[in-house]
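Next up is one chain by itself, shown in structure tokens, the form predicted on its own.
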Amino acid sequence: MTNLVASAMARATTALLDADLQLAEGVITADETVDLLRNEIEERSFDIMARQQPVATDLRTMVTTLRIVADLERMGDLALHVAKVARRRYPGRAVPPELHSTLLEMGQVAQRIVAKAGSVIAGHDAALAKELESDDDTMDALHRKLFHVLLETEWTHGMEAAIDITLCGRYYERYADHAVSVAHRVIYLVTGKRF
């Protein structure tokens, strides 16, 4: 799932910045795969809980898994929303030239953070999980930078563009927040302590 949501955000970012309708449509269509995986994992988890009645570490693993897949599914939805902005503005570009580099960087940070989240899950790496906080701080700074441009400069691109940029900034920021939530859940899984 982490690979799928990473790919979705990477492709959604490219679709947004390049006004690539075909790529945006691909992200929108592929979101169903992420949803199906979440459903499959949930069903298997519920089946295990009903049949085996796990306790202690096993129960913590099951509950943590359910929460992680919910976060990952939501990350896929956020990539879907970015792709929908690209589709809605096609053939035009939703991102004005002066914000292109900021949104490109947000997409790159999103890819780094989800790659780390995948490594955290695969390796139950609590130390790496703690690093995601600083990656999230980077995303938050980029989010603030968007608002600075929208509010502090002479904005000439109209209300629709301002709304698109505001929404996209929020989608990237929440995407990173969900990755941090995944990391916190792995820390809990490994240590039994809430982060």
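Each residue number is its position in the shown sequence, starting from 1. Everything numeric here is computed off the predicted structure, so don't read it as measured data.
Below, we refer to the form predicted in complex with a further copy of the same chain, which is not included among the displayed structures.
Enquirer: By the heavy atom within 4.5 Å rule, which residue out of L128, L37, M49, I28 makes contact with a further copy of the same chain in the predicted bound form?
Expert: For this set of options, the contacting one is M49.
Enquirer: Can you tell me if Q53 lies within 4.5 angstroms of a further copy of the same chain in the predicted bound form, counting non-hydrogen atoms only?
Expert: Yes, Q53 is a contact residue.
Enquirer: Does any part of R74 reach within 4.5 Å of a further copy of the same chain in the predicted bound form? Heavy atoms only, please.
Expert: Within the cut-off, so yes.
Enquirer: Would T138 sit within 4.5 Å of a further copy of the same chain in the predicted bound form, counting heavy atoms only?
Expert: No - in the predicted bound form, heavy atoms of T138 and a further copy of the same chain never come within 4.5 Å of each other.
Enquirer: Give a yes/no on whether H81 approaches a further copy of the same chain to within 4.5 Å in the predicted bound form, heavy atoms considered.
Expert: Yes, H81 lies within 4.5 Å of a further copy of the same chain in the predicted bound form.
Enquirer: For the stretch 161 to 178, which residues lie within 4.5 Å of a further copy of the same chain in the predicted bound form by non-hydrogen atom distance?
Expert: A162, I163, T166, L167, R170, Y171, R174 sit within 4.5 Å of the partner.
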